[in-house]
Ligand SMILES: Nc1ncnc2c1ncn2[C@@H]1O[C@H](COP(=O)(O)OP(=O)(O)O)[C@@H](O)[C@H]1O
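Consider the single chain below, provided in structure tokens and representing the form predicted on its own.
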């Protein structure tokens, strides 16, 4: 049965179809893009699935057992089709589920199959051709197995073609992205950890700047946005970027976000030293505590992921502090603040409004005028940690992250300064990163939302560093009180998304929404796995 609607509107299908051994009423609202049915068992639960979250539709051959059960045993040749769709569970996990409907009318079955396939064809955001890079050495060396067993079958089901490259050495993917015909692909997928993602990101952004004639060594150069989306299949020791943008580190969930064509813009920070490009960063830039952990853990890779725990404990006991001057431009265009507890979620209004305000500000003032005239704030002192984050940096051990209210695409970073304090007080701050308490509620912790900053350590200044340092030019030298028992001779190391930087004196600038991911940001949690079943079907009829 097809319900007649006014001219100009797409028809709505309403049919009695077989589901299991019984029949149920199934509705396809093509205008609103919703498939709904009432399950004949399970207490008559109502289900609805947006067509944007249907993975595939296939004609199905019923087996002999199905044919000889219930009222359908009377049918000479029943016809069936299977709908594969996304089902949402707790903690942001997605599953691929399927439901098979059948009937005795071949024309009716074809009508349903054709209508659903036409709706899927209208999903223009979905990828059809992907370039996949797999790091077989990252994490527990399970990347290739995870892709072949959990991801590739889903891509095949969704009729996505792939070109797969197994990386053989560091920067293999990055170098390859400068050579391939990137325009033939709808996206690039990396299978691995945060290091693999960083490699693909550097390759894509670098390729875009090269093709556009942009000099990456110029810290003030406006970079060209990268419109080719990156998908992350988590298979590393740490999957911070995936966890902070999807809400879970799960290969199937990430694959389904890629299949349905989700798109999440992401801010990227560029890091320079003396007009020389060093790295891009999307998650953590950490000096002091987190830099020392990375530096020490790199010597202990043989320990596997446990090296981070060992190095973290060792670094905490050493309790080193470092002197330096940090200069920054406050992000006046953003609507939020680091302590407003307004987390970045799917369709975040703060990101959208902040992007518009930043664009209007730059259009009005011009980038060069803005850089020259806007006020810089300068802070000098002794720090246990200096952290700049473009996202919350959430992970299973720290579900809220280093900055719970950081936003993915508002054109700013949260700058967290942890001044010299007692070992006990620093421990209290670290513990709060793992629970619900406000980790910034200490007299020795300051947090600012910034769009650019510069840092020079006391050691690099004493050695005559040439880095552009507004703090040094305008506010003179550091105070030189060094208690003999705590004097630090060496510099710390910057931890840039899990990789060390060669220089401690850096200049950082946030580029608003420079790239895009196959993600939609973190959704509000589903209350139970049957997320689709608790919405009434009546409003569709």
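From a predicted model like this one, the values you see are computed outputs, not experimental measurements. Residue numbers count along the first chain shown, from 1.
Heads up, the form predicted together with the named molecule isn't pictured, but that's what we're talking about next.
Student: Which residue, 168, 211, 340, 438, has a heavy atom that falls within 4.5 Å of the named molecule in the predicted complex?
Tutor: None of the others qualify; the residue that does is 168.
Student: By the heavy atom within 4.5 Å rule, which residue out of 95, 137, 277, 376 makes contact with the named molecule in the predicted complex?
Tutor: Residue within 4.5 Å of the partner: 137.
Student: Indicate whether residue 307 is a 4.5 Å heavy atom neighbour of the named molecule in the predicted complex.
Tutor: Looking in the predicted complex, residue contacts with the named molecule include residue 307, since a heavy atom lies within 4.5 Å.
Student: Quick one: does residue 104 come within 4.5 Å of the named molecule in the predicted complex, counting heavy atoms only?
Tutor: Result no; residue 104 lies far from the named molecule in the predicted complex.
Student: Since only the chain is shown here, I'm wondering whether residue 237 would be in contact with the named molecule in the predicted complex (any heavy atom pair within 4.5 Å).
Tutor: Taking the distances in the predicted complex, the answer for residue 237 is yes, it comes within 4.5 Å of the named molecule.
Student: Would residue 58 count as touching the named molecule in the predicted complex under a 4.5 Å heavy atom rule?
Tutor: Close contact is absent here: in the predicted complex, residue 58 is far from the named molecule, nothing within 4.5 Å, heavy atoms only.
Student: Which single stretch, out of 262 to 270, 189 to 197, 87 to 95, 403 to 411, brings residue heavy atoms within 4.5 Å of the named molecule in the predicted complex?
Tutor: The contacting stretch is 189 to 197.
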